[in-house]
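Next up: just one chain, as structure tokens, the form predicted alone.
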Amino acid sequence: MAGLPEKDLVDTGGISGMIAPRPFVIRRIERDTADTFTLRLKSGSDRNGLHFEPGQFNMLYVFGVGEVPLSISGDPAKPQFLVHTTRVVGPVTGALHRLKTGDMVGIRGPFGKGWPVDEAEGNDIVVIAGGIGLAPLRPALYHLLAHRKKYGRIVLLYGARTPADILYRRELEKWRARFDLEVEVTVDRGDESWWGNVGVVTTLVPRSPFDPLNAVALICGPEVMMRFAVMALRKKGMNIDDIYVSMERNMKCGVGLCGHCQFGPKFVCKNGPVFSYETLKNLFNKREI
């Protein structure tokens, strides 16, 4: 996931799961916002890097501290570099934040089921991201743009709390300059420097230029935002089978053994993190789950 929303998984005397971590060296650290940063990693043992599908995640291990699940946020076409964006939310992400270029972390993965980018060929694509939810969607955007002729309209709707919280600002500006990609950015609260949209990201859906009867939606963000995004898409006429969400829930082993990420009858690490909303619609509104 882009970052564990509640707490990190602190080391209690061993690596969870059955897969040993591989060593990766930090090549670059980017400070995206006040509490969000991106690690650019390179394998310390494999020159070919780590191949992954858009939407998959890794378990990052900080030696002596513990490990945390983080969605991969780099380009699937460049497996020699592994990119992860996260927010400081606990002891493990805090330890990652304190690391420096040249330090080493352990990687287990990639795990999980990713975005259906191949199955969506021939359709319009609407990508809806809230806050740091843009990070798990970025590999899908890289793939869509690298195979641009295989898709219809591509629309990116992105919402952040404030202008200072906007992720990947320079990249968003480059994407907005393209003629084959529609990008709309909104913030919950603007300031004197902000001249763009103000309001939650779901308010952008009704006027977005895509065909709801021939489109696939990819959504990632807080669960309440995803629920309202689905409602907005359904109101616009989209089929529920064409809507996909990425769940950000606690994972510990990554291989479906510990049960830490169980979501009703599903396991986020094995059956997700990307799900068709159709498979989750009866679980989203149940507080006990």
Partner chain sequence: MSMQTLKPYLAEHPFLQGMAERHIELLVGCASNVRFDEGQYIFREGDEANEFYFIRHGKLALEVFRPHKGGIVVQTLKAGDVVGWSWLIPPYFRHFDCRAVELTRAIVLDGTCMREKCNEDYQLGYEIMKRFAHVMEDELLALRLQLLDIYGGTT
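Numbering follows the first chain given and starts at 1. Just so it is clear, the structure is predicted and the values come from calculations on it, not from any experiment.
Although not depicted, the form predicted in complex with its partner chain is the subject of the following passage.
In the predicted bound form, every residue of the candidate spot (Ala160, Val198 and Leu204) has a heavy atom lying within 4.5 Å of its partner chain. The stretch among 22-30, 236-244, 223-231, 57-65 whose residues place heavy atoms within 4.5 Å of its partner chain in the predicted bound form is 223-231. Residue Val89 is the only one of Leu145, Met104, Leu172, Val89 with a heavy atom lying within 4.5 Å of its partner chain in the predicted bound form. Interface residue among Ile72, Ile132, Ala217, Leu137 relative to its partner chain in the predicted bound form, by the heavy atom within 4.5 Å criterion: Ile132. Its partner chain in the predicted bound form is not approached by Arg98, whose heavy atoms all lie more than 4.5 angstroms from it. Residue contact with its partner chain in the predicted bound form: Glu121 places no heavy atom within 4.5 Å of it.
Residue contact check for Asp211: none of its heavy atoms lie within 4.5 Å of its partner chain in the predicted bound form.
Interface residue remark: Arg178 is not counted as part of the site for its partner chain in the predicted bound form, having no heavy atom within 4.5 Å.
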